[in-house]
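Only one chain is given next, in structure tokens, and it is the form predicted on its own.
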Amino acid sequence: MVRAPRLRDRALIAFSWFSGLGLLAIFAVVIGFLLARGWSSLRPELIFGDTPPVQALLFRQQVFDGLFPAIIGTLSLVLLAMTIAVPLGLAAGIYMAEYCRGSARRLGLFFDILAGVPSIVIGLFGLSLTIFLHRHFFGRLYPCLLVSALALAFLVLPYLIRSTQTALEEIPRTVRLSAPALGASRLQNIFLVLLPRSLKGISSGILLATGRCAEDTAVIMLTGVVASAGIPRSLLGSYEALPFYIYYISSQYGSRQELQNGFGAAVILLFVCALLFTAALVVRHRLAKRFFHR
């Protein structure tokens, strides 16, 4: 009678280890394949073309034959989209966890449905909204960096809302009630106790949303990205982005070297995502240190 549960536990542990190692192996194969195919094309010419790197980095000279404008466009797009989405997602998640009661809790189902909407539909909605605003309100509004950022923010909002809500709801009741018992107001309890305690879960949602913004192609393809636009000069201008460049080259490459450049762009996109994730982790570490080591 005792051996059977132990055997099941061991089998479950073994299956968990096998699944985890399998996922790591798949991840290593994908990354290794990209590095093997694209590493040879990672040269300064791929990023800066014929432009001197120092002149390009100082924005003194335009880059026409390199990926530097696409890198800047991707970073600008992700930062702008997250600047829009994070405050809205945190506010909605706090409301769902701390204020929403009764039948209003059904809003969670709406967010779950919204998370499952294909990105191409969000891009089509952004394009249709731009056309509507252009015809009736803003005659100079066209698909641009701002429209793409708004569409991407709308795309990742459900992840931010649900991750914030779940992180807040998982806090133990004893921690939740400790500050009000000492006389803290509801807002003080949320911002000084609950949010710092749920920082790990919230930051995980932010990382997931950041990765989704950096890799999505369908949304930006309909809302403002172009193959050659240079560094974005304003929020209402066109821009380049690495995901669209990879899609464009992989579908219309004319030589083996162009395909190799596409793999090189994929490796650069991985580096850009790693940079964004690292920055987010550093911010989380500093916030955690500030709240828990004072």
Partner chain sequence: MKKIIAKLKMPAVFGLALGLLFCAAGARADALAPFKGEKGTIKISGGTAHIPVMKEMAKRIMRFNPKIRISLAGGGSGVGIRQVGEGLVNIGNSGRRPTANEIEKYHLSLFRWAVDGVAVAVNPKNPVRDLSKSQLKKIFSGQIENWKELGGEDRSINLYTRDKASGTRAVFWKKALDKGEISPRANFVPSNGAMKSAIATDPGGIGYLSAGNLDKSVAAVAIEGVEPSLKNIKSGVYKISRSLFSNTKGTPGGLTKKFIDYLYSPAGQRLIAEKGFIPVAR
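Keep in mind the model is a prediction, meaning the values are calculated, not measured. Definition used throughout: the rigid core is the maximal C-alpha set that superposes within 1.5 Å between two forms. Positions refer to the first chain, counted from 1.
The same protein has a further form, the form predicted together with its partner chain, not shown here; the description that follows concerns it.
In the model of the complex, residue 231 approaches its partner chain with a heavy atom inside 4.5 Å. Though the partner is left out of this view, residue 55 does not reach within 4.5 Å of its partner chain in the model of the complex, counting heavy atoms only. Contact annotation: residue 135 falls within 4.5 Å of its partner chain in the model of the complex, judged by heavy atom distances.
Residue 205 falls outside the set of residues with a heavy atom inside 4.5 Å of its partner chain in the model of the complex. Contact with its partner chain in the model of the complex, defined as a heavy atom within 4.5 Å, is made by none of 47, 72 and 83. Along 58-89, residues 62, 64, 65 each place a heavy atom within 4.5 Å of its partner chain in the model of the complex. Annotation for residue 39: C-alpha shift under 2 angstroms between this form and the one not shown, rigid core superposed.
After superposition on the rigid core, displacement of the C-alpha of residue 257 between this form and the one not shown amounts to 2 Å or more.
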